[in-house]
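Next up: just one chain, as structure tokens, the form predicted on its own.
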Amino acid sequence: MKTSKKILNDPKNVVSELIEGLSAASHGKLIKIDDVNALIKSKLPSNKVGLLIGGGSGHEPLFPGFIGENMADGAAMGNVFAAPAPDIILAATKRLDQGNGVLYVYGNYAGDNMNFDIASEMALDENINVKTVRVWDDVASAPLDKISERRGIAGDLFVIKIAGAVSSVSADLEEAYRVTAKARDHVRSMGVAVSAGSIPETGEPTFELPDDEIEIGMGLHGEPGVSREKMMSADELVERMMTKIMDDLPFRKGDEVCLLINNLGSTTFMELLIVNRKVRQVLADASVTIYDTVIGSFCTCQEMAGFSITMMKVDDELKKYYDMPANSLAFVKS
């Protein structure tokens, strides 16, 4: 089994050191909370709903890269591929609460669910109201009638974008929750992988995949997908993925969508553009209009080779919040 070389100091310090590096890149706009692995804005507008995102590290720029103007207010970070502890989440929650409560947005994984739920109960004991939106966009991870059991993958980006916008203009936690949950319910994703990422402390790959095979529906940590098959052309692969995604919501003639082609770590931009070419052909044939296109690395798994496709169906309300300018280290919208 081949190990992966990484540019690190002590592998046990990767989370705290990446936070320090991101904070430095923000030129004082983002600060680390003392003694815990959480990053927050240094200046918070008063009378707004706080937006806290978070999850395991190792998926950068998700989550800390999405803190910024009309984006998240803070991120609670766990160790690589591990949920943040409740005390980290609570510390961030207390710093972000401006009197109108805090909205949690994170991927739907057992550890995250448990720890954020514990933190929300602790926050309530301190008279801080909390609402939670779990992102479950991965169509490969559970059938539609068990949607709440699905994993959260790159669809996090679109949900965080909407949540950041609505929480920046609304002082009503229930309204921020409603709009964010609506965005979540309009997002669908699917990923594929041709090689594994690795764990920084060991350098060992998270799964094994023969050189001539591809995992369709692969999870963000290497969880099994819907099938493991021989390599195929980009066009054939995209057609299969798009059929699964479009049938699930479903996406219909006349719909408008925001499209995300996400690099899982080491896939080239050339490959992503070839994927985008075919996705657009499929959508044109289905008379689905693309409202906006985002291509790049937003939700990764170290050096995993592969990509995911995400679509968010938009209406006038979601367009309003999606179109609001956003400025974070990893995502900018003018």
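Don't overthink the numbering: it's just position in the shown sequence, from 1. If you're wondering where the values come from, they're calculated on a predicted model, not measured in any experiment.
Another form exists, predicted in complex with a further copy of the same chain; not displayed. Remarks below refer to it.
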Taking 171, 287 and 309 as a possible spot, do all three reach a further copy of the same chain in the predicted complex with a heavy atom inside 4.5 Å?
-> no
Among 156 to 164, 173 to 181, 203 to 211, 90 to 98, which stretch sits within 4.5 Å of a further copy of the same chain in the predicted complex, heavy atoms only?
-> 203 to 211
Might residue 20 be said to contact a further copy of the same chain in the predicted complex, defining contact as any heavy atom within 4.5 Å?
-> yes
Interface membership of residue 43, a further copy of the same chain in the predicted complex, 4.5 Å heavy atom rule | no
Contact test in the predicted complex: residue 249 vs a further copy of the same chain, heavy atoms, 4.5 Å = no
Touches a further copy of the same chain in the predicted complex: residue 275 (any heavy atom, 4.5 Å) | yes
For 274 to 297: residues with a non-hydrogen atom within 4.5 angstroms of a further copy of the same chain in the predicted complex?
-> 274, 275, 276, 277, 280, 281, 290, 291, 292, 293, 295
